[in-house]
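One chain comes next, on its own, written as structure tokens: the form predicted alone.
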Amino acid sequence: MYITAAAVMVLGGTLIFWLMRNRKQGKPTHSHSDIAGGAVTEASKTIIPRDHHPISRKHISDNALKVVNRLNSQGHEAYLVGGCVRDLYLDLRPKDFDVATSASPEEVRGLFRNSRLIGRRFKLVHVLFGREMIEVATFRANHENHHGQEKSHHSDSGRILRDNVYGTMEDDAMRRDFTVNALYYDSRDFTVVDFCRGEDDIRTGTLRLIGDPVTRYHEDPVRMIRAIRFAAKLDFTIAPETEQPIFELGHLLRDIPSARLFDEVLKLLQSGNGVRTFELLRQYQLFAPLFPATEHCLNEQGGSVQSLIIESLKSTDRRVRQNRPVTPAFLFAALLWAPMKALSRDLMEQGLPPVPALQQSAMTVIGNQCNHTAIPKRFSMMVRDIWDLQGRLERRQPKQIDILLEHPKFRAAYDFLILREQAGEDLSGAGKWWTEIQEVDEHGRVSMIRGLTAKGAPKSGNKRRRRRRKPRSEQQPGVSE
């Protein structure tokens, strides 16, 4: 079979037309595997027109659009970027809106009176509209060849300590963490700009780091935690080249300030996907660097420890989905309960009475945990209150019932007691009893309290015993009655 020159020209023209058509529609003509075994290491700009993406302006914050339009009107490039664009693609409601711009932080600050300049490691501008805050960041650039200590600085392990090297939009895309977070929405023509084939990964449900994963994790080890959080939240699969180094680099989290890790833990476990996040943290061996004492108890005691954590995360997930408030104290009380109880038992075996043993173990466990994830005092005090009330709720001393019901931390302690029962602890029906006494009227409450006395409720070990009076025959001579 012979192919004429004219046929070759026709076929070639058809191929070029097909390639151009796919490029116009935002469909990359090469796959992730074409570059560095799947890692995205160079930008490949694709413009996705309005009729080829699902983002609608009616789902975008008016205040975010005001910021973008104001920057554009002053001659700066400005785009919505990151998680808000990703979530809009997935038909999710973004919690916040971020803007990337060519304007410097100082220029942004000068354009918005309702703004503040924050950060030293990573300068940002927060533009405030009542309770809504729009975060504006200047395009970042690669800093490998930049030696100015005021703008870029690394630790010996490669972690970025300061990062204020500015560049182009393409530079900024390559500096972002995951491909799905490197999509830019242009409000001027309603297009989406994709440099890293992020739209493909959204379509396939893949979470993929931009650049060499080992280098990116060394730059900021928190990216490993973010990978877990996004995988749980979006139900995405972590790409093989992105997940493999996590098993070896979890120890890098020890270099992260404990205050920052506290914030990251809240994002992880109070996002409404806590149970799945916990499972992934353990799967990728990242739970141990965050909660080493709890990990030890999980390995030693197994199911009973895990059951309480799972039940507490289920409760938190339900409250988040119902838009009900959640407190970190409740979660930390559950996560650290097993280490506290283990240490308390050890102290009692050494001869310390139960109450002092509990108090000392609580202080020790919380103090040690603060070396890994800082717990603000307002939360650590509440954790201790929840723990302290457990024994009192279990004992059900008749004279203490009304006092406990009026205690400001009663509800949190009661909820924790119920979780312990649901997790399999035998508390002699204490949870059911406290549930019922909250539901009955005043007469019923009095009856239940009297029932405790009649049944011989557990007595407090600290109650003073009455001294037995001696018979008259045993009294000392000369002592009056």
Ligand code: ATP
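Note that residue numbering begins at 1 and tracks the sequence as displayed. Please read these numbers as outputs of a predicted model, since none were measured by experiment.
Beyond the structure shown, there is the form predicted together with this ligand, which is absent from this document and is the topic of what follows.
When this ligand is considered in the predicted bound form, residue 176 lines it closely, a heavy atom lying within 4.5 Å.
Taking non-hydrogen atoms only, residue 272 never approaches this ligand to within 4.5 angstroms in the predicted bound form. Proximity of residue 229 to this ligand in the predicted bound form: non-hydrogen atoms within 4.5 Å are present.
Contact between residue 186 and this ligand in the predicted bound form is not found at the 4.5 Å heavy atom cutoff. Interface residue among 346, 91, 402, 96, judged by heavy atoms within 4.5 Å of this ligand in the predicted bound form: 96. The contact with this ligand in the predicted bound form, taken as any heavy atom within 4.5 Å, belongs to 87 out of 200, 87, 212, 107.
For the three residues 181, 220 and 260, a heavy atom within 4.5 Å of this ligand turns up in the predicted bound form in every case. The partner is not drawn, yet in the predicted bound form one stretch among 244-252, 329-337, 229-237, 388-396 has residues with heavy atoms inside 4.5 Å of this ligand: 229-237.
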